[in-house]
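Shown below, as C-alpha cells, is a lone chain in the form predicted alone; questions about how it binds or moves come after it.
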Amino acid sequence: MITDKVAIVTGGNRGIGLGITKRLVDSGYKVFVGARQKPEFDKEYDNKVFFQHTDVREEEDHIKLIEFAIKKFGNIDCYINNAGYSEWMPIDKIDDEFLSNILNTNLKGAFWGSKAAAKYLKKGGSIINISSLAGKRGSSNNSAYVASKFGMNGLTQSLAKELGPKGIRVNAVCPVLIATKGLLEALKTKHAPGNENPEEFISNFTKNNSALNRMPKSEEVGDLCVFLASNKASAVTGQCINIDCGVLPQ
C-alpha cells in the first residue's frame, strides 16, 4: 500500500466523486475534497479526508484548494477534476444562463483545475478528468452536456502533450450511466430520456447496450483513477478511457 500520497478530488463528496475519494483512501492517499457541501464520512476517514469549500467555476478556489493541501502535507500527487452535472435540454430551449452554467461548471472548472495543478504538480504527477461516454458520442436533447464533455476530452489530449515534457500525465475517464442520486434526479426532468421512470430507463439501456449486462459502479471509476495516478500507469497519458461495461467498445 502506498503512503504519503496526496490527491485532490473536486466534487469528491457525493456520487462518482465519493466513490473516487473512498478508493483513494483505501489505497493510502490523503484526499482533499473541494466541493460546495462538506461530505459526511465515517470515523475511519478521520485524518484521511479533508474538506475545503470550493466553487470549481472560480480559478482562485482551485488555487486555494491546492495551497491548503500543500500547507498540510507539503505536496500534491494527483488532481482529479470530477465536479460536474448533467441536464437534458433541447436546443430550442437552451438559453445563455443554461449554457453558461453547464459549460462553466463542467468545462471551465476542469480548465481552472488543470491550470492550477500544472503549476504545483511535480514530475510524476497526474491530472485526471472525469468525463463521460457523452464525450465520445452525441445524444438527443443533450447538446450542452455533450459539448462540455467533448471539450474535456480535448482538454485532456492537449494538456497531455503540453505537460508531458514536465513529467505530468493527463488522462480522462469516461463512465457510462451510473445511477447516482444526481443522475437519477437529472433523468427525471422533462426533456431527459427517463423522465417517467429513470430506473426503468437505465435497466432497459443496460439490457440493450451493455456487453456485461450491468452498469459500472462509482467505486470502479475510483479503481481506474487509482491506477491512472500510480506508477503502474507511467506510460499512459492523453487517453480518454471508457468505463462502460462494453457499451461503446473501442
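Quick note: we count residues from 1 along the sequence shown, nothing fancier. Given the structure is predicted, the values throughout are model-derived calculations rather than measurements.
What comes next is about the form predicted together with a small molecule, which is not displayed.
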In the predicted bound form, the one of 220, 26, 55, 67 near the small molecule [non-hydrogen atom within 4.5 angstroms]: 55
Contact assignment for the small molecule in the predicted bound form, among 116, 144, 176, 163, heavy atom within 4.5 Å: 176
In the predicted bound form, segment of 153-161, 91-99, 120-128, 77-85 with a heavy atom within 4.5 Å of the small molecule: 77-85
Proximity of residue 13 to the small molecule in the predicted bound form, heavy atoms at 4.5 Å: yes
In the predicted bound form, residue 149 touching the small molecule (heavy atom, 4.5 Å): yes
Non-hydrogen atom contact residue 190 with the small molecule in the predicted bound form at 4.5 angstroms: no
Any non-hydrogen atom of residue 207 within 4.5 angstroms of the small molecule in the predicted bound form: no
Heavy atom distance at most 4.5 Å to the small molecule in the predicted bound form, all of 140, 203 and 247: no
